[in-house]
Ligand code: PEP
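Let's start with one chain on its own, the form predicted on its own, as structure tokens.
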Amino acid sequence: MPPSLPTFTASKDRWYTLILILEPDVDETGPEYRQLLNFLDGMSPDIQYRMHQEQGKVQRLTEVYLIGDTSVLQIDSMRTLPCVERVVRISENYRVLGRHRNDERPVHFDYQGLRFGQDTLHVFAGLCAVDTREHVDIMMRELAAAGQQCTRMGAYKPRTNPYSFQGHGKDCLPFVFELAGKHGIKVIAMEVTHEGHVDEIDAALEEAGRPTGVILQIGTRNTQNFELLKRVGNQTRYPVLFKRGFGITLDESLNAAEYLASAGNRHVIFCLRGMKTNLGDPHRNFVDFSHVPAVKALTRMPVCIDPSHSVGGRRTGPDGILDVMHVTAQGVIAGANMVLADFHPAPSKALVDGPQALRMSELGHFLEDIQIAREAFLARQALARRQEA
């Protein structure tokens, strides 16, 4: 398992209530930094602190989380501490991932040379479940030819029916990572259902020479598996794609995502994938992509949409457009930052969700349709900014 940050147990309601944002590239060997540490070490025993660092492309940012009853600390006084650039008082829910008053921290992170933020858009088209090496090879080759650098590949598949295919697990990881390196795929979204899966992925990547990167996916069935969330959040090598729970409120799902961040990993992407209710019929789930701007307003997380599991089929409307493409456009035009979509070279042979998978011949159409919606979103955003001015 990659090295992790220390965790703390909250004993008061005022947990994570103050963040000190230090000057970029602070000198950790300098006298001012030592003076700051001496102050922090001398605080009340009721207040603990934890350092969190973000290494960007051009600078390193350090944040100090003060944990405990920080109501006795005055923001003006804390701003005068050596090396401190800004102070953020946290008084809302989602204390690590949320947006807060006067909080100007970045809403993006960098991974594998790619930027993931509330102003970017990445498409993760791929296999819901890895079946054969041949299909993985075809999928990645077609993605590379279309200029894509990301994909989804399911190795571990939790299923409703215990007799359904559960995924090839660690056995498929070597050839998935090998082919990703061969075709220049930089990031793979891959679901994990047990902390041991993180170890298996890490070991397989190391064995392969780390030709690609992985975003660990928490599926909707594990949204409130809090022990798994804490353990996945306790590692910081891999970002996490967190899927909304299909039968709980948005607030409950956002608090569940906060478990990841409170354990140490703030590189979290929130995924909307539809709500489980027959109110969504004839779709598989009730499409909830109107929550894209809501999640972006409440938190600092990039927002993903999963149209494949929301719609769950290939129905085409009288306009000749697939439902799955309609809802994808709805999410993108609302500002989505990531699209997770099922494709398969031979859907009839897919071991999981073949009927909803898009075909390789539809990849170019899908990407072009997304681009149209993205340009519409950017035009609407520019219009809104002109109205504000």
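Note that this is a predicted model, so its numbers are computed, not measured. Start at 1 and count along the sequence shown; that's the residue number.
From this point on, the text means the form predicted together with ligand PEP, which you will not see here.
Highlighted residues Cys128, Arg273 and Leu340: every one comes within 4.5 Å of ligand PEP in the model of the complex, counting any heavy atom. Interface membership of Arg152, defined by any non-hydrogen atom within 4.5 Å of ligand PEP in the model of the complex, is confirmed. Using a 4.5 angstroms limit between non-hydrogen atoms, Thr299 is distant from ligand PEP in the model of the complex. Not displayed here, ligand PEP is approached by Lys243 to within 4.5 Å at the level of heavy atoms in the model of the complex. The shortest heavy atom separation between Lys157 and ligand PEP in the model of the complex is within 4.5 Å. Of the stretches 311 to 319, 259 to 267, 212 to 220, 178 to 186, only 212 to 220 has residues with a heavy atom within 4.5 Å of ligand PEP in the model of the complex.
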